[in-house]
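Included below are structure tokens for two forms of one protein chain, each presented in isolation as structure 1 and structure 2.
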Structure 1
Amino acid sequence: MSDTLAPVQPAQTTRPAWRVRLSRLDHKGSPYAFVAPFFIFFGIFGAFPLIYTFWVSLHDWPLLGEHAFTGLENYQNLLQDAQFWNAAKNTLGIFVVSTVPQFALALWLAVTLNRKFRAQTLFRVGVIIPNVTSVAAVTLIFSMIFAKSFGLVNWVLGGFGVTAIDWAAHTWSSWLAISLMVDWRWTGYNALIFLAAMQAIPKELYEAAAIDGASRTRQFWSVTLPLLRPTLIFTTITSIIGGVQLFTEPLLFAPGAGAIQGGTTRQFQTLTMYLIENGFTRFEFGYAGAVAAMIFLLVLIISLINIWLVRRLVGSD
């Protein structure tokens, strides 16, 4: 390299200026060119729909017919819309009911899978299987399991003398059933991510802790959990995004006409369902756009709270 470089140095002065500029551009510009495809695609499929949806939300925009600019009127109405707040409450409620036990279970699974035992790989692959099944198929089967007159759950409960529960009819039972569907799919996935993070923790830390006399439980709380912090933030954020966008499970839980309303008293209508109801049942695109913008805001706020919370809870580095 050095002897090829040497003759180049003096030759540089004789090089035409445009070539120098080109070379400099290549140096500085090519990284941008390499990342450009992502941003171009994001621009077309991410940023444009995002901005356009916001633009639509400032209008009275029926699917067929005239559009009229109404400014922030949709947002004003939305803030006073009991059905919107009901959907927000359901979304957050189902999120909490599903995510808290899911994370506890996933952590426990990860710790268990992290130990040495026979057929490790088999079990590790096993926990991810529910995640690769189709969400619609899972929901349909769970709906059958929770069916009122011929469902498995009611049949088992019947054995204990409990009268048949109409799972879709009550708030608590529908949230529980939907949370179970979510957890069925995502517990294993999160467990694997936790497991990967746990295996990245240096063994020396545990050895040192063991020498200091820390029990296994103490090691978990003082070594494993703090070092899982970035992973916890990641999984929580993906769960929030998934939770706020929860759609298929509650939609297919009570299928048929008006399924988009999420139950007879809207007891399990989520925000995305309310968005679709406004867009595609009522054909009010402007209002649906406003709901979409509110979902965006909600994800942003909860994510920030989450980052702050995890930092507080598990200590900061």
Structure 2
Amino acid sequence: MSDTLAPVQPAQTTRPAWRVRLSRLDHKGSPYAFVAPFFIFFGIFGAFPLIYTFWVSLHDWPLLGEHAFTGLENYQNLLQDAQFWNAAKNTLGIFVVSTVPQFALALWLAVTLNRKFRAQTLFRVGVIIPNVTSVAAVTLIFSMIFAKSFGLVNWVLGGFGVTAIDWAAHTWSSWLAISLMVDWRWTGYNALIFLAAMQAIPKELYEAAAIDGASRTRQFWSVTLPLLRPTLIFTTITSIIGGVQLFTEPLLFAPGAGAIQGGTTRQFQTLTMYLIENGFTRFEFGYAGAVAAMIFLLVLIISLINIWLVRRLVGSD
């Protein structure tokens, strides 16, 4: 007879089959339940309006009367519309003039604010103040600053012998004035996003670069900028969306009866202003829907181009 005793096996409890199935359902279905609210709201307030707008663009859709299906006729007319191409030119021009210096200044601000100095928290909070200011108030103030007769800019230029400029009367001058409004409001916002991304970069990388003899400039180009690529892509896409949909600044820059036209010769009318003009001034909702669809397509194309450019400039995976 052996002196060793066999270990006692614990009693196995059998779980009911319905509890097993419920546990499996909870394990597999919980992730979908957690993300479902976002997709439900997106479907209601995002996807459905896009699809319905495209459906409207395929019709002759007046404010009153029957809605006649016209197929792609609105798009054919839109591609031959000189006012649409003028609005597209103004939109892209203001976007380029405002976004390029805005990103450069935001990166410089972020690098500066990332260093240790006195009252750095106060300065970090200060750069976001323009973004929380009412866009209508900002536009009205800048309109007075760029006024022809009593504006601050013309007063300063007059001190150097420059003749007063009618900033709202010319294409290049109106683009510049509107771009300065956009830059003043959004540069600090992008700078804080860049700053948050910079503070997430491990300090050991900078220490290793400094030991290898890399200057601050070389550290920025070789360490900071490549690691900021996801943040650059995010800010680029959001800037494209905001730039292509630019509306309030040019609308209030030269207020009046024909403000929606963007000046006497439509010199600073953007695509969104042209959309509103067709939809709520001319009440041609089908044509306005075609303009909205083209804006969506333009945002998509420019976003893809910018993502490709950012990857080429700061390196790829």
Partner chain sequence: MSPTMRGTRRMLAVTAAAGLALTMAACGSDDGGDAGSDGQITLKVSTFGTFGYDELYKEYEAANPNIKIVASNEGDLGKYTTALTQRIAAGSGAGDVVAIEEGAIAQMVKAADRFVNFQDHGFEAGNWVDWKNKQATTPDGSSTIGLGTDIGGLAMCYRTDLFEKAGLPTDREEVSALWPTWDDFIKVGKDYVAKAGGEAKFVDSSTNSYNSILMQEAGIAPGYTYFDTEDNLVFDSNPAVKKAWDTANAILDADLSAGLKTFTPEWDAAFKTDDFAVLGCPAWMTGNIKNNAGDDFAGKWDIATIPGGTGSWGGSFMAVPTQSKQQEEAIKLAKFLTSPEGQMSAFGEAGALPSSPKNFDNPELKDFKNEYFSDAPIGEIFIDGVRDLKPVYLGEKNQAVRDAIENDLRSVEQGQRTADEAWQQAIASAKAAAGV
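These figures come from a predicted structure and were not determined experimentally. Rigid core: the largest C-alpha set superposing within 1.5 Å between the two forms. Structure 1 provides the reference sequence; residues are numbered from 1 along it.
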Which block is the form predicted together with its partner chain? Structure 1
* Asked: Do you see a C-alpha shift of 2 Å or more at L300 between structures 1 and 2, with the core held fixed?
  -> no
Superposed on the core, the Cα displacement of L25 between structures 1 and 2 in Å comes to 3.5
